[in-house]
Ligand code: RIB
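Taking the form predicted alone, here's one chain by itself in structure tokens.
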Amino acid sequence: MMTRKLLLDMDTGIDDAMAITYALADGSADLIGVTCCFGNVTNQTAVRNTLDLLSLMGHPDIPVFCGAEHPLNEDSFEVSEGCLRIHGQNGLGNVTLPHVGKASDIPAPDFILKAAQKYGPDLILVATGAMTNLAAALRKDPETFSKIGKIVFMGGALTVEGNVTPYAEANIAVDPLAAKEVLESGLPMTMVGLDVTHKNLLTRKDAGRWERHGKAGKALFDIVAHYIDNELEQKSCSLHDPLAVAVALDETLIETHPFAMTVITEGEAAGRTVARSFADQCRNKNVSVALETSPRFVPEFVGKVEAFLTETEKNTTD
């Protein structure tokens, strides 16, 4: 068993699906579970997609947990038109997977705290959706939450425009209050935002390398092809969530700068991630913001996923 333990918190759409696959493909940390939330899809759909993907990739044993159904200060949630277009009606590019397994009875915030208590400095938490589950765990037991060894989140935009408004990136915009509470907690974390994810693009040609590797490879390619056709105009897609997972496992993929960060929660700029500018506000520069990224990530990502799919195909045909 590996020492490092990986916990993913996600709103499982297409780039989350690639992130799950990459986490399994990299293999340098044990994936101990996936906690789900709303965002690209509803929480319930995220749970279903995660269970089905883990089964498809040969790991139905990894537990999945239901999380937040809506933002902290709201009582409902509706998937945006943009997410429906980019991720498809079911969050997986309208590709239908066999429904396998069911979620754990333990609520997502409780599992986050349980893992923090059990693994402490060996636990890596990667959040690639709304930060609502993290904020809930933080509110419930800040002392235990602070035991997490490493927190990496995909979200925000510091030096570039947002992708849902000129100010805001989608994961932060969907629950700005949760993001604000987590970023202002003072706990050390790494922000992998649009500043770097838009620099790492996957083409249909690269994704095509996966298509010939069994049912899992064909399904993953079909899912990702929808994303490539709908996310960006240049017929490629940004590797948002996979980069966050990769960075959590290999810090040398990025260059960071420390900031004391906050989030605007109201008005036209709601969801904007802001580096605090006044000396008395930024004594604790706890957020390491990724501003540059290594050119080796995309080829490593494509290659590791292909090797994993090859092995998965072999295991299912033996």
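Note that the coordinates shown come from a computational prediction; the quantities given were computed from them, not determined experimentally. Don't overthink the numbering: it's just position in the shown sequence, from 1.
Separately, the form predicted in complex with the ligand exists; it is not shown, and the next lines address it.
Only one of 105-113, 233-241, 176-184, 217-225 places residue heavy atoms within 4.5 angstroms of the ligand in the predicted complex, namely 233-241.
The candidate spot formed by Asp15, Ala170 and Leu194 lies fully in contact with the ligand in the predicted complex, as each residue has a heavy atom within 4.5 Å of it. Within 4.5 Å of any heavy atom of the ligand in the predicted complex lies no heavy atom of Thr35. Of the heavy atoms in Asn200, none are within 4.5 Å of the ligand in the predicted complex.
Interface membership of Asn133, defined by any non-hydrogen atom within 4.5 Å of the ligand in the predicted complex, is ruled out. Contact check for Thr190: every heavy atom lies farther than 4.5 Å from the ligand in the predicted complex.
If you take 30-46 and check each residue for a heavy atom within 4.5 Å of the ligand in the predicted complex, you get just Asn40.
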